[in-house]
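Here's a solo chain for you in C-alpha coordinates, the form predicted alone.
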(Lines give C-alpha, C1' and ligand atoms only; values in the text may rest on other atoms or scores of the structure.)
Protein backbone atom coordinates (compact mmCIF):
# COMPACT_ATOMS: atom_id res chain seq x y z
CA UNK A 1 0.00 0.00 0.00
CA UNK A 2 1.30 3.46 -0.91
CA UNK A 3 2.21 5.87 1.87
CA UNK A 4 -0.52 8.34 0.86
CA UNK A 5 -3.15 5.59 0.98
CA UNK A 6 -2.01 4.58 4.46
CA UNK A 7 -2.25 8.19 5.67
CA UNK A 8 -5.69 8.66 4.13
CA UNK A 9 -6.90 5.56 5.97
CA UNK A 10 -5.21 6.66 9.22
CA UNK A 11 -6.99 10.02 9.21
CA UNK A 12 -10.29 8.74 7.88
CA UNK A 13 -13.41 10.05 9.63
CA UNK A 14 -15.39 6.82 9.23
CA UNK A 15 -16.60 5.02 12.36
CA UNK A 16 -14.63 7.25 14.71
CA UNK A 17 -15.93 9.23 17.70
CA UNK A 18 -15.73 13.00 18.04
CA UNK A 19 -13.79 14.67 20.84
CA UNK A 20 -16.70 16.85 22.01
CA UNK A 21 -19.58 14.40 21.74
CA UNK A 22 -22.43 15.21 24.19
CA UNK A 23 -21.14 18.77 24.72
CA UNK A 24 -24.01 21.22 24.15
CA UNK A 25 -23.13 24.64 22.77
CA UNK A 26 -25.42 27.61 22.18
CA UNK A 27 -24.21 30.34 19.85
CA UNK A 28 -25.90 33.75 19.79
CA UNK A 29 -23.89 35.86 17.38
CA UNK A 30 -26.04 37.92 15.00
CA UNK A 31 -23.53 39.76 12.73
CA UNK A 32 -20.47 38.90 14.85
CA UNK A 33 -18.70 36.30 12.72
CA UNK A 34 -15.92 35.83 15.28
CA UNK A 35 -18.52 34.16 17.50
CA UNK A 36 -19.84 32.16 14.54
CA UNK A 37 -16.31 30.96 13.75
CA UNK A 38 -15.82 29.86 17.37
CA UNK A 39 -19.07 27.90 17.21
CA UNK A 40 -18.04 26.31 13.92
CA UNK A 41 -14.73 25.10 15.34
CA UNK A 42 -16.45 23.47 18.33
CA UNK A 43 -19.04 21.94 16.01
CA UNK A 44 -16.31 20.36 13.88
CA UNK A 45 -14.99 18.68 17.01
CA UNK A 46 -18.33 17.05 17.63
CA UNK A 47 -20.16 19.46 19.92
CA UNK A 48 -23.88 19.86 19.29
CA UNK A 49 -23.98 23.54 18.37
CA UNK A 50 -27.28 25.37 18.15
CA UNK A 51 -27.17 28.83 16.64
CA UNK A 52 -29.95 31.07 17.95
CA UNK A 53 -30.81 33.87 15.54
CA UNK A 54 -31.85 37.22 16.98
CA UNK A 55 -31.89 38.84 13.53
CA UNK A 56 -31.24 38.03 9.89
CA UNK A 57 -28.52 40.54 8.95
CA UNK A 58 -25.73 37.95 9.13
CA UNK A 59 -27.35 35.96 6.34
CA UNK A 60 -27.13 38.90 3.93
CA UNK A 61 -23.40 39.56 4.28
CA UNK A 62 -21.53 38.32 1.22
CA UNK A 63 -18.84 39.53 -1.19
CA UNK A 64 -20.30 41.30 -4.25
CA UNK A 65 -23.77 40.38 -3.02
CA UNK A 66 -23.33 36.74 -4.14
CA UNK A 67 -25.77 34.41 -2.39
CA UNK A 68 -26.76 30.75 -2.57
CA UNK A 69 -30.45 30.14 -1.99
CA UNK A 70 -30.64 33.69 -0.67
CA UNK A 71 -27.89 33.10 1.89
CA UNK A 72 -24.49 34.82 1.88
CA UNK A 73 -21.29 32.80 1.46
CA UNK A 74 -19.85 33.62 4.96
CA UNK A 75 -23.10 32.55 6.62
CA UNK A 76 -23.18 29.36 4.56
CA UNK A 77 -19.62 28.46 5.55
CA UNK A 78 -20.15 29.24 9.24
CA UNK A 79 -23.41 27.27 9.34
CA UNK A 80 -21.52 24.00 9.08
CA UNK A 81 -22.51 21.29 11.53
CA UNK A 82 -25.03 23.60 13.24
CA UNK A 83 -28.69 23.51 14.08
CA UNK A 84 -30.31 26.90 13.49
CA UNK A 85 -33.30 28.18 15.48
CA UNK A 86 -35.08 31.47 15.93
CA UNK A 87 -34.95 33.29 19.25
CA UNK A 88 -38.14 33.02 21.29
CA UNK A 89 -39.18 32.09 24.80
CA UNK A 90 -39.00 28.37 24.03
CA UNK A 91 -35.22 28.44 23.50
CA UNK A 92 -34.45 29.65 27.03
CA UNK A 93 -34.44 26.09 28.36
CA UNK A 94 -31.88 25.25 25.70
CA UNK A 95 -29.71 28.19 26.79
CA UNK A 96 -29.87 27.41 30.50
CA UNK A 97 -28.98 23.75 29.94
CA UNK A 98 -26.00 24.42 27.66
CA UNK A 99 -22.44 23.48 28.57
CA UNK A 100 -21.00 26.40 26.60
CA UNK A 101 -22.67 29.67 25.60
CA UNK A 102 -21.03 31.83 22.93
CA UNK A 103 -22.25 35.42 23.18
CA UNK A 104 -21.41 37.53 20.12
CA UNK A 105 -23.94 40.27 20.84
CA UNK A 106 -23.26 43.72 22.27
CA UNK A 107 -22.21 43.68 25.95
CA UNK A 108 -25.31 43.75 28.13
CA UNK A 109 -27.76 42.80 25.35
CA UNK A 110 -28.38 39.25 26.58
CA UNK A 111 -28.51 40.56 30.15
CA UNK A 112 -31.53 42.67 29.14
CA UNK A 113 -33.20 39.54 27.77
CA UNK A 114 -32.62 37.69 31.03
CA UNK A 115 -30.10 35.25 29.55
CA UNK A 116 -26.79 37.02 30.28
CA UNK A 117 -24.01 35.59 32.40
CA UNK A 118 -25.56 36.72 35.69
CA UNK A 119 -28.66 34.72 34.79
CA UNK A 120 -27.17 31.55 33.32
CA UNK A 121 -24.41 31.32 35.96
CA UNK A 122 -27.07 30.00 38.30
CA UNK A 123 -25.73 26.83 36.74
CA UNK A 124 -22.19 26.89 38.20
CA UNK A 125 -20.88 24.55 35.51
CA UNK A 126 -21.75 26.80 32.56
CA UNK A 127 -18.93 28.16 30.40
CA UNK A 128 -19.83 31.58 29.04
CA UNK A 129 -17.68 32.89 26.17
CA UNK A 130 -18.28 36.52 25.24
CA UNK A 131 -16.77 38.24 22.20
CA UNK A 132 -16.94 42.01 21.73
CA UNK A 133 -14.70 44.87 20.47
CA UNK A 134 -13.10 45.71 23.85
CA UNK A 135 -14.39 43.02 26.16
CA UNK A 136 -16.85 43.37 29.04
CA UNK A 137 -14.88 45.55 31.44
CA UNK A 138 -12.76 48.77 31.44
CA UNK A 139 -14.07 52.24 30.63
CA UNK A 140 -13.32 51.75 26.93
CA UNK A 141 -15.43 48.61 26.85
CA UNK A 142 -18.29 50.63 28.34
CA UNK A 143 -17.74 53.50 25.88
CA UNK A 144 -17.90 51.20 22.85
CA UNK A 145 -20.46 48.69 24.11
CA UNK A 146 -23.07 49.83 21.58
CA UNK A 147 -20.68 49.68 18.62
CA UNK A 148 -21.20 46.44 16.68
CA UNK A 149 -18.18 44.16 16.58
CA UNK A 150 -16.65 43.96 13.13
CA UNK A 151 -13.37 42.91 11.56
CA UNK A 152 -13.06 46.34 9.94
CA UNK A 153 -13.23 48.27 13.20
CA UNK A 154 -11.07 45.77 15.09
CA UNK A 155 -8.26 46.23 12.59
CA UNK A 156 -8.72 50.01 12.73
CA UNK A 157 -8.69 50.27 16.53
CA UNK A 158 -5.48 48.23 16.70
CA UNK A 159 -3.48 50.19 14.12
CA UNK A 160 -2.91 47.14 11.95
CA UNK A 161 -3.82 48.92 8.66
CA UNK A 162 -0.97 51.38 9.16
CA UNK A 163 1.55 48.52 9.01
CA UNK A 164 0.56 46.91 5.71
CA UNK A 165 0.75 48.12 2.15
CA UNK A 166 3.43 49.17 -0.31
CA UNK A 167 6.31 50.86 1.55
CA UNK A 168 7.37 52.62 -1.65
CA UNK A 169 4.17 54.63 -1.89
CA UNK A 170 4.38 58.02 -0.17
CA UNK A 171 2.34 61.18 0.20
CA UNK A 172 -1.22 61.02 -1.11
CA UNK A 173 -0.66 57.45 -2.34
CA UNK A 174 0.26 56.21 1.13
CA UNK A 175 -2.81 55.28 3.13
CA UNK A 176 -3.89 52.60 5.61
CA UNK A 177 -4.95 49.25 4.15
CA UNK A 178 -7.29 46.68 5.60
CA UNK A 179 -6.19 43.05 5.39
CA UNK A 180 -8.43 41.45 2.76
CA UNK A 181 -9.32 38.52 4.99
CA UNK A 182 -11.02 38.62 8.39
CA UNK A 183 -7.75 38.83 10.29
CA UNK A 184 -9.33 40.10 13.53
CA UNK A 185 -12.48 38.01 13.47
CA UNK A 186 -10.63 34.80 12.66
CA UNK A 187 -8.08 35.39 15.44
CA UNK A 188 -10.86 36.21 17.90
CA UNK A 189 -12.87 33.14 16.85
CA UNK A 190 -9.91 30.80 17.25
CA UNK A 191 -9.02 32.30 20.65
CA UNK A 192 -12.63 32.01 21.78
CA UNK A 193 -12.75 28.32 20.82
CA UNK A 194 -9.42 27.69 22.58
CA UNK A 195 -10.68 29.58 25.65
CA UNK A 196 -13.82 27.43 25.72
CA UNK A 197 -11.78 24.22 25.47
CA UNK A 198 -9.44 25.32 28.27
CA UNK A 199 -12.46 26.11 30.45
CA UNK A 200 -13.95 22.73 29.58
CA UNK A 201 -10.72 20.99 30.59
CA UNK A 202 -10.68 22.89 33.89
CA UNK A 203 -14.31 21.91 34.50
CA UNK A 204 -13.34 18.25 34.25
CA UNK A 205 -11.03 18.83 37.23
CA UNK A 206 -13.00 21.29 39.36
CA UNK A 207 -16.58 20.87 38.19
CA UNK A 208 -16.85 24.64 37.81
CA UNK A 209 -17.57 26.70 34.72
CA UNK A 210 -16.27 30.22 34.11
CA UNK A 211 -16.59 33.44 32.13
CA UNK A 212 -14.25 33.70 29.13
CA UNK A 213 -13.97 37.27 27.84
CA UNK A 214 -12.54 37.82 24.34
CA UNK A 215 -11.88 41.30 22.97
CA UNK A 216 -11.51 41.28 19.19
CA UNK A 217 -9.06 44.16 19.53
CA UNK A 218 -6.86 42.02 21.80
CA UNK A 219 -7.01 39.11 19.36
CA UNK A 220 -5.65 41.13 16.43
CA UNK A 221 -2.97 42.53 18.75
CA UNK A 222 -1.08 39.23 18.55
CA UNK A 223 -0.52 40.00 14.85
CA UNK A 224 1.03 43.39 15.62
CA UNK A 225 2.99 42.36 18.70
CA UNK A 226 6.27 41.82 16.88
CA UNK A 227 6.16 45.22 15.21
CA UNK A 228 5.54 46.87 18.58
CA UNK A 229 8.44 45.00 20.19
CA UNK A 230 10.75 45.98 17.33
CA UNK A 231 9.62 49.58 17.72
CA UNK A 232 10.69 49.60 21.35
CA UNK A 233 13.93 47.79 20.50
CA UNK A 234 14.97 50.35 17.88
CA UNK A 235 13.34 53.26 19.76
CA UNK A 236 11.32 54.27 16.71
CA UNK A 237 7.85 53.30 15.47
CA UNK A 238 7.55 50.60 12.85
CA UNK A 239 6.13 52.13 9.69
CA UNK A 240 4.49 50.55 6.66
CA UNK A 241 6.95 47.85 5.67
CA UNK A 242 4.73 45.90 3.28
CA UNK A 243 6.78 43.08 1.76
CA UNK A 244 9.89 44.05 3.71
CA UNK A 245 10.22 42.15 6.98
CA UNK A 246 10.17 43.95 10.33
CA UNK A 247 13.54 42.55 11.30
CA UNK A 248 15.66 40.84 8.66
CA UNK A 249 16.02 41.27 4.91
CA UNK A 250 15.34 39.52 2.59
CA UNK A 251 12.28 37.86 4.08
CA UNK A 252 9.23 38.55 1.92
CA UNK A 253 7.62 38.42 -1.49
CA UNK A 254 9.32 39.39 -4.74
CA UNK A 255 8.35 39.61 -8.39
CA UNK A 256 10.08 37.28 -10.82
CA UNK A 257 9.91 37.48 -14.62
CA UNK A 258 6.71 35.46 -14.88
CA UNK A 259 5.24 35.38 -11.39
CA UNK A 260 5.97 35.88 -7.72
CA UNK A 261 8.10 34.10 -5.14
CA UNK A 262 8.55 34.05 -1.39
CA UNK A 263 12.22 34.59 -0.57
CA UNK A 264 14.03 34.24 2.75
CA UNK A 265 17.67 34.11 3.81
CA UNK A 266 17.60 33.51 7.59
CA UNK A 267 21.42 33.23 7.95
CA UNK A 268 24.48 34.94 6.50
CA UNK A 269 25.33 31.70 4.67
CA UNK A 270 21.86 31.69 3.09
CA UNK A 271 22.33 35.27 1.91
CA UNK A 272 25.73 34.49 0.37
CA UNK A 273 24.15 31.50 -1.38
CA UNK A 274 21.50 33.84 -2.82
CA UNK A 275 24.17 36.19 -4.11
CA UNK A 276 25.87 33.18 -5.67
CA UNK A 277 22.88 31.99 -7.69
CA UNK A 278 22.02 35.56 -8.73
CA UNK A 279 25.66 36.39 -9.49
CA UNK A 280 25.41 39.57 -7.42
CA UNK A 281 28.70 39.32 -5.53
CA UNK A 282 29.15 43.10 -5.85
CA UNK A 283 26.51 43.45 -3.11
CA UNK A 284 28.35 41.32 -0.55
CA UNK A 285 30.74 43.94 0.96
CA UNK A 286 27.93 46.22 2.16
CA UNK A 287 25.44 43.51 3.16
CA UNK A 288 27.54 40.55 4.25
CA UNK A 289 26.41 40.22 7.85
CA UNK A 290 23.01 39.95 9.52
CA UNK A 291 23.45 43.28 11.28
CA UNK A 292 23.89 44.90 7.86
CA UNK A 293 20.47 43.62 6.82
CA UNK A 294 18.47 44.46 9.95
CA UNK A 295 15.58 46.60 8.74
CA UNK A 296 15.75 49.34 11.36
CA UNK A 297 16.48 51.81 8.56
CA UNK A 298 13.88 51.30 5.85
CA UNK A 299 15.47 53.79 3.47
CA UNK A 300 18.75 51.88 3.58
CA UNK A 301 17.05 48.49 3.12
CA UNK A 302 15.27 49.83 0.05
CA UNK A 303 18.66 50.14 -1.67
CA UNK A 304 19.29 46.41 -1.32
CA UNK A 305 15.66 45.62 -2.16
CA UNK A 306 15.85 47.53 -5.43
CA UNK A 307 19.15 45.94 -6.41
CA UNK A 308 17.94 42.39 -5.78
CA UNK A 309 14.64 43.03 -7.56
CA UNK A 310 16.47 44.12 -10.72
CA UNK A 311 18.05 40.67 -11.00
CA UNK A 312 15.10 38.63 -9.71
CA UNK A 313 12.80 40.13 -12.34
CA UNK A 314 15.09 38.88 -15.11
CA UNK A 315 14.61 35.26 -14.06
CA UNK A 316 11.54 33.05 -14.25
CA UNK A 317 10.12 31.34 -11.17
CA UNK A 318 11.23 27.98 -12.56
CA UNK A 319 14.78 29.24 -13.11
CA UNK A 320 15.02 30.55 -9.55
CA UNK A 321 13.71 27.31 -8.06
CA UNK A 322 16.14 25.28 -10.17
CA UNK A 323 19.13 27.43 -9.21
CA UNK A 324 18.29 27.11 -5.50
CA UNK A 325 17.86 23.33 -5.75
CA UNK A 326 21.26 22.90 -7.41
CA UNK A 327 23.19 24.43 -4.52
CA UNK A 328 25.64 21.98 -3.02
CA UNK A 329 24.36 20.11 0.03
CA UNK A 330 26.20 18.09 2.64
CA UNK A 331 25.04 14.78 4.07
CA UNK A 332 25.83 16.29 7.47
CA UNK A 333 23.08 18.75 8.51
CA UNK A 334 25.57 20.73 10.60
CA UNK A 335 27.76 21.43 7.55
CA UNK A 336 24.75 22.19 5.34
CA UNK A 337 23.99 25.16 7.56
CA UNK A 338 27.37 26.66 6.72
CA UNK A 339 26.93 26.07 2.99
CA UNK A 340 23.69 28.05 2.99
CA UNK A 341 20.63 27.83 0.84
CA UNK A 342 18.01 30.56 0.30
CA UNK A 343 14.37 29.63 0.80
CA UNK A 344 12.60 30.22 -2.52
CA UNK A 345 8.97 29.20 -2.92
CA UNK A 346 6.53 29.90 -5.73
CA UNK A 347 3.48 31.94 -4.75
CA UNK A 348 0.46 29.99 -5.96
CA UNK A 349 -2.83 31.32 -7.19
CA UNK A 350 -6.01 29.93 -5.61
CA UNK A 351 -6.72 28.08 -8.86
CA UNK A 352 -3.33 26.35 -8.61
CA UNK A 353 -3.95 25.46 -4.98
CA UNK A 354 -7.25 23.76 -5.81
CA UNK A 355 -5.62 21.77 -8.61
CA UNK A 356 -2.73 20.53 -6.45
CA UNK A 357 -2.91 16.81 -5.61
CA UNK A 358 -1.61 17.55 -2.10
CA UNK A 359 -4.85 19.23 -1.04
CA UNK A 360 -6.90 16.37 -2.48
CA UNK A 361 -4.98 13.80 -0.43
CA UNK A 362 -5.50 15.85 2.74
CA UNK A 363 -9.13 16.52 1.84
CA UNK A 364 -8.54 20.20 2.55
CA UNK A 365 -11.62 21.15 0.53
CA UNK A 366 -15.07 19.63 0.19
CA UNK A 367 -17.23 19.64 -2.92
CA UNK A 368 -20.91 19.98 -2.06
CA UNK A 369 -24.00 20.59 -4.15
CA UNK A 370 -26.51 23.25 -3.24
CA UNK A 371 -29.54 23.74 -5.44
CA UNK A 372 -27.76 21.81 -8.19
CA UNK A 373 -24.64 23.98 -8.00
CA UNK A 374 -21.27 22.53 -7.02
CA UNK A 375 -19.51 24.62 -4.40
CA UNK A 376 -15.99 24.13 -3.03
CA UNK A 377 -15.92 24.65 0.74
CA UNK A 378 -12.97 24.50 3.19
CA UNK A 379 -12.64 21.36 5.29
CA UNK A 380 -11.20 21.34 8.80
CA UNK A 381 -7.40 21.81 8.78
CA UNK A 382 -7.08 19.56 11.83
CA UNK A 383 -6.28 15.95 10.95
CA UNK A 384 -6.56 13.49 13.86
CA UNK A 385 -6.19 9.73 13.77
CA UNK A 386 -8.59 8.94 16.65
CA UNK A 387 -11.08 11.81 16.99
CA UNK A 388 -11.03 13.62 13.66
CA UNK A 389 -13.08 16.79 13.18
CA UNK A 390 -16.03 16.31 10.84
CA UNK A 391 -17.59 18.89 8.56
CA UNK A 392 -21.08 18.78 7.11
CA UNK A 393 -23.18 21.52 5.57
CA UNK A 394 -26.88 22.23 5.56
CA UNK A 395 -28.60 22.13 2.19
CA UNK A 396 -30.53 25.27 3.08
CA UNK A 397 -28.78 27.14 5.91
CA UNK A 398 -31.59 29.55 6.63
CA UNK A 399 -33.80 29.88 9.70
CA UNK A 400 -36.99 27.94 8.97
CA UNK A 401 -40.08 30.12 8.88
CA UNK A 402 -42.74 29.31 11.43
CA UNK A 403 -40.66 26.64 13.13
CA UNK A 404 -38.96 26.63 16.50
CA UNK A 405 -36.16 24.32 15.39
CA UNK A 406 -34.33 23.85 12.13
CA UNK A 407 -33.26 20.52 10.75
CA UNK A 408 -29.85 19.27 11.75
CA UNK A 409 -27.51 19.77 8.78
CA UNK A 410 -26.86 16.67 6.72
CA UNK A 411 -23.77 15.61 4.83
CA UNK A 412 -23.00 17.61 1.71
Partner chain sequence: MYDFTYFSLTGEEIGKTGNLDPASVPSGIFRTKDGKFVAISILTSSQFEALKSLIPQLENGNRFEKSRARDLNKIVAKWVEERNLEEILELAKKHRFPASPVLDDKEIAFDPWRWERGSILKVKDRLLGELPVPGPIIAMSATPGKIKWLGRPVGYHNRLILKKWLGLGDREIDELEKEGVIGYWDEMPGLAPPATWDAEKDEVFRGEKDEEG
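Superpose the two forms; the largest set of C-alphas matching within 1.5 Å is the rigid core. No experiment lies behind these values; they were computed from the predicted model shown. Residue numbers count along the first chain shown, from 1.
There is also a form predicted in complex with its partner chain; it is not shown, and the following applies to it.
Contact annotation: residue 313 falls outside 4.5 Å of its partner chain in the predicted bound form, judged by heavy atom distances. In the predicted bound form, residue 230 approaches its partner chain with a heavy atom inside 4.5 Å. Under a 4.5 angstroms non-hydrogen atom cutoff, its partner chain in the predicted bound form has residue 74 among its neighbouring residues. Taking the partner from the other structure, its partner chain in the predicted bound form has a heavy atom within 4.5 Å of a heavy atom of residue 195. Judged against its partner chain in the predicted bound form with a 4.5 angstroms heavy atom cut-off, the residues 153, 235 and 350 are in contact without exception. Proximity to its partner chain in the predicted bound form, defined as a heavy atom within 4.5 Å, singles out one entry of 381, 65, 372, 70, which is 65. Distance criterion of 4.5 Å from any heavy atom to its partner chain in the predicted bound form singles out 148 from the list 108, 259, 114, 148. Here the chain stands by itself, but in the predicted bound form one stretch of 198-206, 314-322, 273-281, 93-101, 198-206, has heavy atoms within 4.5 Å of its partner chain. Shown without its partner, the chain has 171, 172, 173, 174, 175, 176, 177, 178, 181, 182, 185 in segment 171-186 as residues with a non-hydrogen atom within 4.5 angstroms of its partner chain in the predicted bound form. Relative to the superposed core, residue 210 undergoes a Cα shift smaller than 2 Å between the shown form and the other one. With the core held fixed, residue 222 shows a CA shift of 2 Å or greater between the shown form and the other one. In the predicted bound form, the separation between the C-alpha atoms of residue 197 and residue 223 shrinks by 3 Å or more relative to the displayed form. In the predicted bound form, the Cα atoms of residue 213 and residue 223 sit 3 Å or more nearer to each other than they do here.
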